[in-house]
Ligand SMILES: Cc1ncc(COP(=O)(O)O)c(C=O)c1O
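As a starting point, one isolated chain is supplied in structure tokens, in the form predicted alone.
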Amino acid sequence: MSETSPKLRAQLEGIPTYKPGKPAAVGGPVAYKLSSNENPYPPLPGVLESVTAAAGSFNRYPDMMCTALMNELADRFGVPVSHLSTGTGSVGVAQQLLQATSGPGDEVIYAWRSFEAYPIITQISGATSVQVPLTPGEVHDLDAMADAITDRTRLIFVCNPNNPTGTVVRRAELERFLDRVPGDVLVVLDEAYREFIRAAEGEGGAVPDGVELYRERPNVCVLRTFSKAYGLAGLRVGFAIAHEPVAAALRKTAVPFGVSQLAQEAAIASLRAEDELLGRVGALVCERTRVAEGLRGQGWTVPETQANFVWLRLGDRTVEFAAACEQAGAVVRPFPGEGVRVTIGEPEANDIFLKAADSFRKDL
């Protein structure tokens, strides 16, 4: 047997493995998974029926062009079908964007800490990550990100609300930033948590809707997903809205038949159940307020969050805190040495987490 191995790309050396949220334990006391930013509610009305009907034909390939879903999205957002592309969740579309724009010698800018997948998909593409630290308030430092642009910059991610901190950038600062970005650099507004935003008009204006910004800016691409507010995390369907050259490139780099017919039908049914969606999101936002205020009442520093999670910066106590929560019955998402992200779940889960946080705080 030969002792040699197939040659693999050098860029794959040292790529960190994406770490999914740890599941709740099975077979022991009741435990809740608050580690993956999933929606705790079951599918919206009509979704299960649509998926069940579609399941009868999964011996056939899905519609590769996602025609019905693309038409539904075009109507929902008031954009041409040619400005849309779908993929396996917004992270799948983000990886397609890297394939379309960046390779060895190119640079990709994003805040840090931000979405855990950014450094992974950047390194897979062969490009170089340029990580710009968040401000002390856990918000994107857009001025520093603009200063980091070079002639090698090809793509910039702006996660708004930011994962894992939940913080947002507002219209004035984002527009000022976009004005500084060269037109040949793609800015990706990752709005996976857009539906949870309830921030009032404040200094710098309201939190902008990326779709409105994209309309007048050919170098802006907006990412959205059905995984979070819509509760379709297990079906893997997301989409991008971008001007035609970018959207066409995304369709070229998409994995053929990547979005299953079940996912397409579920997404369409979810879009048509928006009234029920708004009610569920509203309930989660109320719970988010209760959890954040409860933590602050215990003495924790909690950044203002506009997503379906809260962030606690714990430094070297992070892993210890996560273990204490798990022992109490609430599994959270630790980022060792930095902090924990805690998804807003059902009230019972949030109660368990708040009690565990209070006990840990008293022992500090």
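From 1 onward, residues are counted along the sequence shown. Since the structure is predicted, the reported quantities are computational estimates derived from the model, not experimental observations.
Same protein, other form: the form predicted together with this ligand, not shown, and the subject of what follows.
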Where does this ligand sit in the model of the complex: which of 250-258, 100-108, 84-92, 124-132, heavy atoms within 4.5 Å? 84-92
Joint contact, L174, R217 and N219 to this ligand in the model of the complex, by non-hydrogen atom at 4.5 Å: no
Please check if Y230 has a heavy atom lying within 4.5 Å of any heavy atom of this ligand in the model of the complex. no
Contact flag, N163 vs this ligand in the model of the complex, heavy atom cut 4.5 Å: yes
I'd like to know whether T167 contacts this ligand in the model of the complex, with contact meaning heavy atoms within 4.5 angstroms. no
Does the 4.5 Å heavy atom contact test between R236 and this ligand in the model of the complex come out positive? yes
Contact residue in the model of the complex, chosen from A269, I156, A240, C159 - any heavy atom within 4.5 Å of this ligand: C159
Taking 4.5 Å between heavy atoms as the contact cutoff, choose which of L186, A192, M145, V291 touches this ligand in the model of the complex. A192
Heavy atom within 4.5 Å of this ligand in the model of the complex: which residues of 118-136 meet that condition, in order? Y118
